[in-house]
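In structure tokens, the next block holds one chain alone, the form predicted on its own.
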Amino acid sequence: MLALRWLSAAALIAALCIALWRFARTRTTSGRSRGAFARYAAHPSAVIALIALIMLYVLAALAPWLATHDPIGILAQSFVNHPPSRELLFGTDFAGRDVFSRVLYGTRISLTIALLATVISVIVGTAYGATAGFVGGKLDAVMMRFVDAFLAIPRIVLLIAIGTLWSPLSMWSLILILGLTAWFGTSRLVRAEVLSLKERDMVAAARALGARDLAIVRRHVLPNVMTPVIVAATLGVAGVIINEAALSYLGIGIPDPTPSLGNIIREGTPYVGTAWWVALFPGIALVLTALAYNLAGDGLRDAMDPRQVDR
């Protein structure tokens, strides 16, 4: 039965990859889209990373269906620190819990936190940067000095300080903290783009026709800002995943017994000499996830860079 579930998951991953490939083929039939998709496809590492991300999200979404055991359930005293085997693919930890199931659920939680936190940071950073850039003047100067002050503080230090003060953190609190400390760079990026866009003829024409500032920003400025913001957000997801794992590793993030890649690695660290598999497999999952996002983001940046030209 479990083998059939995994075959179904593999079929779903293959179907999604084929659908994405067909969509890309249809989009490469004209002009600008053709150049963007062709440039992305020219990066084999980015294509492989995109496939890996599809696979990770499918496995994470189907974790309750694919897990071999309860991620927080204790199998038996005789299964404590049991090495990997055919029945227990990643072995068990010090409490006799299935590491494979915990890694599946931990990846699901880490991806969920990273995505939601990134959405929050993009919304806040875009609104903040667009306001500062479009209004300009003294308000822009004050708003950017505020951003500079927070950018001067290492983010991990800020996260540890906040997490320690409000510990223990729920999952939603952790999402808010990660999201509300990740928008500073996005705001500077959006501000720079808005400063350039608001001097263009389309904005002057909209003003001449009597359009209000809010309508100009919504219809003419923001659509032209979203391309670099999407690229920055894709690259930023990997950083959120690493920061969430670091907080959980330090005991400030996701609390036990809920599995997270960070706290699974922390639980396996004291036994790395005798039960190396407990820390190794979640570590590999963490590295592969962050690497896939970085490679996909690099390919997306090159593909959507307006300075690139088709050869």
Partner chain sequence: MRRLLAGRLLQGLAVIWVVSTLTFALLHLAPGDPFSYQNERRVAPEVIAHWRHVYCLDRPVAAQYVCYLRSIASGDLGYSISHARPVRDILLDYVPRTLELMSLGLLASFLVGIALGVLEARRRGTFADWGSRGISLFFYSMPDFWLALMLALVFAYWLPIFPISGIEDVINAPTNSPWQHLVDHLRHLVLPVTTLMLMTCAGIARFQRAAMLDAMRLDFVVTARAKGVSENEIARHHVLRNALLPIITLAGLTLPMLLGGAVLVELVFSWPGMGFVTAMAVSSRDYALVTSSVLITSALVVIGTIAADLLYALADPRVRAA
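Since this is a predicted model, take the numbers as computed values, not measurements. Numbering follows the first chain given and starts at 1.
Beyond the structure shown, there is the form predicted in complex with its partner chain, which is absent from this document and is the topic of what follows.
K.L.:
So, a 4.5 angstroms cut-off on heavy atom distances: do all three of Ala61, Thr68 and Leu111 pass it with respect to its partner chain in the model of the complex?
P.N.:
Answer is no for this spot.
K.L.:
From the candidate stretches 112 to 120, 191 to 199, 164 to 172, 215 to 223, select the single one in contact with its partner chain in the model of the complex, where contact means a heavy atom within 4.5 Å.
P.N.:
The contacting stretch here is 164 to 172.
K.L.:
Is there any non-hydrogen atom of Met55 lying within 4.5 Å of its partner chain in the model of the complex?
P.N.:
No, Met55 sits far enough from its partner chain in the model of the complex that none of its heavy atoms falls within 4.5 Å.
K.L.:
Indicate whether Ala290 is a 4.5 Å heavy atom neighbour of its partner chain in the model of the complex.
P.N.:
Because a heavy atom of Ala290 falls inside 4.5 Å of its partner chain in the model of the complex, the answer is yes.
K.L.:
Answer for Ala208 alone: is it within 4.5 Å of its partner chain in the model of the complex, judged on heavy atom distances?
P.N.:
No, Ala208 is distant from the partner.
K.L.:
So, in the model of the complex, is Leu280 in contact with its partner chain at a 4.5 angstroms heavy atom limit?
P.N.:
Close contact exists here: in the model of the complex, Leu280 approaches its partner chain to within 4.5 Å, heavy atoms only.
K.L.:
Would you mind picking the one in Val124, Leu158, Ile230, Val135 that has a heavy atom within 4.5 Å of its partner chain in the model of the complex?
P.N.:
Checking each option against its partner chain in the model of the complex, the one that comes within 4.5 Å is Leu158.
K.L.:
Under the 4.5 Å heavy atom criterion, name the residues of 260 to 285 that approach its partner chain in the model of the complex, in sequence order.
P.N.:
The stretch 260 to 285, when checked against its partner chain in the model of the complex, contributes Ile265, Thr269, Val272, Gly273, Trp276, Ala279, Leu280, Gly283, Ile284 at the 4.5 Å heavy-atom cut-off.
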